[in-house]
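Heads up, what comes next is one protein chain in two forms, each shown on its own as structure tokens, labelled structure 1 and structure 2.
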Structure 1
């Protein structure tokens, strides 16, 4: 089976700080392979261990790409296609078109796996869009997957329950973090990754309309309206006042 995995490189959002003056984020933090991209890749590796075949990693990014691709190949990707852009924000519609073009050019892809959303922009659009462009069905938010020849059985997350669905290959799947525990590559896998084929493509060569979708006007930390009181450093005062508030509210 030929599996394509779409992965994303993101800022480490846990480390992002806010400029208190402008309320804008400070992007001076490391880039990393998105967590759900790891889950997507891990699932592809597990399927390949059963069915055999090949895993192609596809990534679209601006500047400073590299570590995320190396990591994806070290985990178990067989080859990588990097789509280079000039950086800056791209609407998901553009990203999805670019990834779909690369998948079409591979010709024999049976299954495409994505994380169901990325931690940075959290749009959750890429997987279903790629499915539509390729003309194949999609199942999103999959937390359990079984492969029986050309039929997949998936358990997907609903808000307060789960559902089981069946889907025929070729198709697109997006996964949640419950689906597996991504592996950490060994040193020999990390070294071995260097020899794997990596092809670089230019976004502008793929023949995609780059003027689509939405534009960001600004990104700012939200104003906090509810907070009556915030305590810093002095746990003693905080504890005392919280207890007295609980008494006042009749909770204790």
Structure 2
């Protein structure tokens, strides 16, 4: 079975700081493989361990790509296709079109797996858009997946309920973080990743419409003003005053 996994490199959001003057994020932080991309890749590896085959990792990014591809190959990807862009924000329409074109060029892909969303934009659109372009079925929000020849049984997380569906290959799947616990590659796997084939492709060479449908004007954190109120009365009175203020603010 040939499995393509769409992964994304993102900023480590735990390390992003906010400029107090502009309220804009300060992006001088490390990049990493998105957490849900790791879940998608882990699921592909588990399927490959059962069925055999090959895993192709596909990544699109406008910034320097390094550790994300290395980690994906070290975890178990067999090859990587890197789509290089000139930088800047790429909306989901461009992203999905680019990934779909690469998948078409591979010709023999049976299954495509994505994380159901990425930690930065969290649109959840890329997987379904790719499925639409390829003309294959899609199942989203998958938390459990079983393979039986050319049929997949997927358990979908619908928040207040679970849904079990069957789907025939080829298809696209998007997974949640409940589906597995991604493995940590060993030292030998990390070293071996350097020998795996990596192909770089220019976004402009894929023959897709590069006109952005979305423009980011600002990305600002909300300004939070503290009341800076000090309660000096005894505990019971102070507690009642605090509760009264919380009710006024609509918090309780």
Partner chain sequence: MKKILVVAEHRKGEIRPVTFEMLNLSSSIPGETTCVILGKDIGGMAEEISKKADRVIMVQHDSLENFNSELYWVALEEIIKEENPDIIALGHTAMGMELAPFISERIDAPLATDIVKIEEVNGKIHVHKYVFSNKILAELELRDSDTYVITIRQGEFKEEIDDKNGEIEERSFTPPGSISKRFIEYVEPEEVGVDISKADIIVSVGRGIEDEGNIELAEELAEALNGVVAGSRPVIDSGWLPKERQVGISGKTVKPKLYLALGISGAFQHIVGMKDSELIIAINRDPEAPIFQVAHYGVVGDIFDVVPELIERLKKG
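For clarity, a rigid core is taken as the largest C-alpha set superposing within 1.5 Å between two forms. Positions refer to the first chain, counted from 1. This is a predicted model, so every value here is computed, not measured.
Form assignment for the chain places structure 1 as the one matching the criterion, namely the form predicted together with its partner chain. Remark: with the core as the superposition reference, the CA shift of residue 24 between structure 1 and structure 2 stays below 2 Å. Superposition of the core reveals a Cα shift of less than 2 Å for residue 13 between structure 1 and structure 2. For residue 234, the CA shift between structure 1 and structure 2 after superposing the rigid core equals 17.3 Å.
Once the core of the two forms is superposed, the Cα of residue 245 has moved 7.2 Å between structure 1 and structure 2.
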